[in-house]
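Presented below, as structure tokens, is a lone chain in the form predicted on its own.
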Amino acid sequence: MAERPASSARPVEFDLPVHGGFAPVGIGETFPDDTPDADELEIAGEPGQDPAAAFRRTLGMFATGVTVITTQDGEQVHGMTANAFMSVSLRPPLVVISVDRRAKMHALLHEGRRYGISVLADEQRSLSDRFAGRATEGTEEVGFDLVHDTPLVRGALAHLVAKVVRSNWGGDHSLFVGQVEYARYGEGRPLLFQGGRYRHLLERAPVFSSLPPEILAVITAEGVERTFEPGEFVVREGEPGDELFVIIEGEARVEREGNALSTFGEGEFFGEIAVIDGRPRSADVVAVSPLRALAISRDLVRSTVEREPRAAWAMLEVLAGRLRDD
């Protein structure tokens, strides 16, 4: 193979062995000038679009979580918001992040350097803005926990610490593969990003349970009590969504394809969305223990709303609060 001219040589930080270790033969041997020209990208839709901008919008349709990538240089903590993060391997545990070559973080990462990944929770949007350079007045102070000499954002939904074992050219970004040395996860809802905006994961989307007590009393007054034995199906996936339930006593489990998704206990509602939109059930609900539940039909909800305009308004307020994306 002919020697490559000096002008096309890879930067020193990418001059890593491509055989042995984690990389099979043939992986990591593509040089920058071996890649297709950007003009070859075909963009469907309106003619005259800027290919790069249209490509970015296309990629933005993929919903992702939001992370803060951190590292420490001397006494200084450096962080950046990123959604270009993914898992690579379980054995060995590997992840990869994609970093803009213009970013300061890019200059700090190299083989042997550790970086932290903090998966942000839904309520940490302001921290995402801060590390994206969009901090506003009154933004909360950031707290860090130091693990393996690596700062991690306090209060995040999950944490990872990884050591860079390989870096690869990726056009105007670089890919930093890290071997994970530490992992921690907690409970909560993740902050999501899609289409250039933050999104929310509405895991249960409670509506009726959030109504004022006086409105709730009107809706539940004519419900029918039902009992179920442990293991008995309360509703089955695919059945009409013509009833919602509030648990009086016991516990129920939501399952899909045999996998437990969540549980409901005393005083909790389930089937709220199905009874509003009338679509078939999206999962099974099974009694975990002897279960007493109040069944409220879709027709009863509709007639109550027609008789009580306050109920309709209260439901709209709850839905607006759940779905608003400030």
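Position 1 is the first residue in the sequence shown; the rest follow in order. Computed from a predicted structure; not experimentally measured.
Not pictured, yet referred to below: the form predicted in complex with a small molecule.
Single option in 226, 134, 199, 154 placed near the small molecule in the predicted complex, where near means a heavy atom within 4.5 Å: Looking at 226, 134, 199, 154 one by one, just 134 meets the 4.5 Å heavy-atom criterion.
Candidate from 185, 182, 233, 144 lying within 4.5 Å of the small molecule in the predicted complex - any heavy atom: Answer to the contact question: 144.
Test of understanding: in the predicted complex, would residue 100 fall inside 4.5 Å of the small molecule by heavy atoms? Yes, contact at 4.5 Å.
Look up in the predicted complex whether residue 79 has a non-hydrogen atom within 4.5 angstroms of the small molecule, and give yes or no. Residue 79: yes, in contact with the small molecule in the predicted complex.
Should residue 168 be classed as touching the small molecule in the predicted complex when contacts are defined as heavy atoms within 4.5 Å? Flag for residue 168 set to no.
Can you work out whether residue 220 and the small molecule are in contact in the predicted complex, taking contact to mean some heavy atom pair no more than 4.5 Å apart? It does not: once the small molecule is placed as it appears in the predicted complex, residue 220 has no heavy atom within 4.5 Å of it.
The small molecule in the predicted complex reached by all of 104, 173 and 193, non-hydrogen atom within 4.5 Å: Checked in the predicted complex: all three residues contact the small molecule.
Contact segment among 123-131, 159-167, 86-94, 238-246, judged by heavy atoms lying within 4.5 Å of the small molecule in the predicted complex: In short, 123-131.
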